[in-house]
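As a starting point, one isolated chain is supplied in structure tokens, in the form predicted on its own.
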Amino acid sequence: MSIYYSGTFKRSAGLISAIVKQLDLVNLKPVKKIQVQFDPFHPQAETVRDFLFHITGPKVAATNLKCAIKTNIVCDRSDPFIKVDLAESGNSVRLLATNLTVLEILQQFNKHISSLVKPDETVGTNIVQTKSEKKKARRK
């Protein structure tokens, strides 16, 4: 008599790989400005600082070179927050990061901001040609 197995067959890759997976999905095309404000002495300021570190990486920054990232460091014991100004609609999204982890901030960022990216219409124009097809195209 065997015992029924009801779990996964392999372990999760961990928190770091989940953050990397969310960073691959981040797209700053609809964003005009990101404002990050935190008090360095607040107990939850570390998560916002980690988010700021990840969002200023070269791979994420390359998605929109015109996106301005502004950091406000205050000393008034206020809760950390992230304010994202959208380019086309002029609206802004404010993420209160008091009780959120970096992974949860990135998930909410992808849910509300990266989902606004319009899919490219020129995806089908990049057709791979073989050497023989290129030679035939030159002959004509």
Partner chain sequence: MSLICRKAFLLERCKPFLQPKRLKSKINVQKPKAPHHEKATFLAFTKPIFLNPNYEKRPIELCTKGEQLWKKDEDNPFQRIIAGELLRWFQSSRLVVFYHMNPMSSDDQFKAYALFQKQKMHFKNYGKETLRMALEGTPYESVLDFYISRNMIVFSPELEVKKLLKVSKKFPQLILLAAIFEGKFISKDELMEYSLIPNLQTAQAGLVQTLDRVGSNLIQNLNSQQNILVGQLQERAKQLEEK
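Positions refer to the first chain, counted from 1. The structure displayed is predicted, hence computed values, not measured ones.
There is another form of the same protein, the form predicted together with the partner chain; it is not shown, and what comes next is about it.
Trainee: At 4.5 Å between heavy atoms, only one of the stretches 92-100, 69-77, 25-33, 108-116 reaches the partner chain in the model of the complex; which one is it?
Mentor: Comparing against the partner chain in the model of the complex, the contact stretch is 69-77.
Trainee: Considering non-hydrogen atoms and a 4.5 Å limit, does the partner chain approach residue 50 in the model of the complex?
Mentor: Residue 50: yes, in contact with the partner chain in the model of the complex.
Trainee: In the model of the complex, does residue 45 have a heavy atom within 4.5 Å of the partner chain?
Mentor: Heavy-atom contact with the partner chain at 4.5 Å: present for residue 45.
Trainee: Report yes if any heavy atom of residue 64 sits within 4.5 Å of a heavy atom of the partner chain in the model of the complex; otherwise report no.
Mentor: So residue 64 does not count as contacting the partner chain.
Trainee: Residue 37 versus the partner chain, in the model of the complex: is there a non-hydrogen atom within 4.5 Å?
Mentor: Residue 37 lies outside the contact set for the partner chain.
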